[in-house]
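As structure tokens, one chain now follows by itself in the form predicted on its own.
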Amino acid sequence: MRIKKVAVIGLGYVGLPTYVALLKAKTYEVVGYTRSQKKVDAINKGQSPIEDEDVISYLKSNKVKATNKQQDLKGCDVFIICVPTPVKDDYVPDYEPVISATQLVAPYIKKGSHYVLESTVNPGTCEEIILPILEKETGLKAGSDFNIAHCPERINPGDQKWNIYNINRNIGSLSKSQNKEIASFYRTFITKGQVNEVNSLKVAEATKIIENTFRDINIAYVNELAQSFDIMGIDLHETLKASSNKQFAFMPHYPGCGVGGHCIAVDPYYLIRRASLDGFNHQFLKYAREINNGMPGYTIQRLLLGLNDVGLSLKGTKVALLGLSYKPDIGDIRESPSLIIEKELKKLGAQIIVYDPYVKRAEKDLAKAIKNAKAIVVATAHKEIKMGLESLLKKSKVKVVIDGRNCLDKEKIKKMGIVYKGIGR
């Protein structure tokens, strides 16, 4: 079957770059679908709802027609599903977006179609959840009449080096012959990265979970070390730098005020939950999540200690929270630990002002944000904070700095007579 028409379902941080990459390939008729009328209107006006330089540039100079009309999916040969895979309040995986997207495209699946899930899921999701829906709705046989594939996304928002075109990908399908066809399709727009064909859907599903859980575990390790080293008076930041000069068998991870984003803070729960259904208890993964979930609270403890050093109570004290997004130099606040810190500080009676140059609701002027503040909590290492804060501190009334990202010059701040506390520093 020759692929002529492709649909991308979901136009967020994963779907929109994929949609643009396919349009730039100039090989297919491409449908970009989202339920959000707001996103449709923005994209069709040339405005990107996400921070992605490639997407922003393309939409400014090219006429694009996104849609929220289901009938526009008619005649598509490939359906690429790029919807969120969140967890509920009790950390149980929420498959509703994936199920809803699958039901959306089911009426348009025909013989020879490819259904490709890019959303991060636990091993078994495609065969246990998606396959029954599609076979029931279409009356066709998956693996022979149509293909189900998984090609987990590897989008890294804000990364200037690694993008949809050059990051290697893994793809697995119900059958090897169908996998070769869909892998060849991916190679037409992933022009600088490799597309690796794996032997099963479960292997493809497991790759992304392993990648993000690996990071979560290692971050938890250094976050626990930070708490230990704070007690022992050892600078973990310097220690990690020194450890990193070993030329092999060491990969540095760094502590901080919490883990955010839609991947690392969420994906381990999918594996934890699925393994538990087969009777396996992922104790290590659970403990890593517990440590990382506790870092916003630990950061507040550091603030309380710092205020105590200068004889101040948190209640009624003006605190500037610097950074809302979960990573530097973008406005993505998904699962951001800053939101937890903000909420808890308000509960404890602090007067909070929030600064973030990339988030609409926050103060954009750093000088205004710290004016009259007695304490500062750096929760995101934005370049504006790293470059501008130290000079502003000299003229400020700030008595305590909590460096939740260990991004400031500790010695310079201490020389100003300001109490400095990092995370493991």
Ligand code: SAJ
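So that there is no doubt, residue numbering starts at 1 and follows the sequence shown. None of the values given here were measured: they were computed from a predicted structure.
Just so you know, the form predicted in complex with the ligand exists too; it's not on screen, but the next bit is about it.
Think of it this way: in the predicted complex, the ligand has a heavy atom of just one of Arg274, Lys208, Arg169, Arg302 within 4.5 Å, and the residue is Lys208. Between the ligand and the residues Ala350, Ile182, Cys263, Leu174, the one pair within 4.5 Å by heavy atoms in the predicted complex involves Cys263. Of the candidate stretches 312-320, 252-260, 190-198, 137-145, only 252-260 contains residues with a heavy atom within 4.5 Å of the ligand in the predicted complex.
In the predicted complex, no heavy atom of Thr239 sits within 4.5 Å of the ligand.
The closest non-hydrogen atom of Phe229 lies beyond 4.5 Å of the ligand in the predicted complex. For the chain shown alone, His282 is not a contact residue for the ligand in the predicted complex, no non-hydrogen atom being within 4.5 angstroms. Within 4.5 Å of any heavy atom of the ligand in the predicted complex lies no heavy atom of Lys346. In the predicted complex, the residues of 133-155 lying within 4.5 Å of the ligand by at least one heavy atom are, in order, Glu153, Arg154, Ile155.
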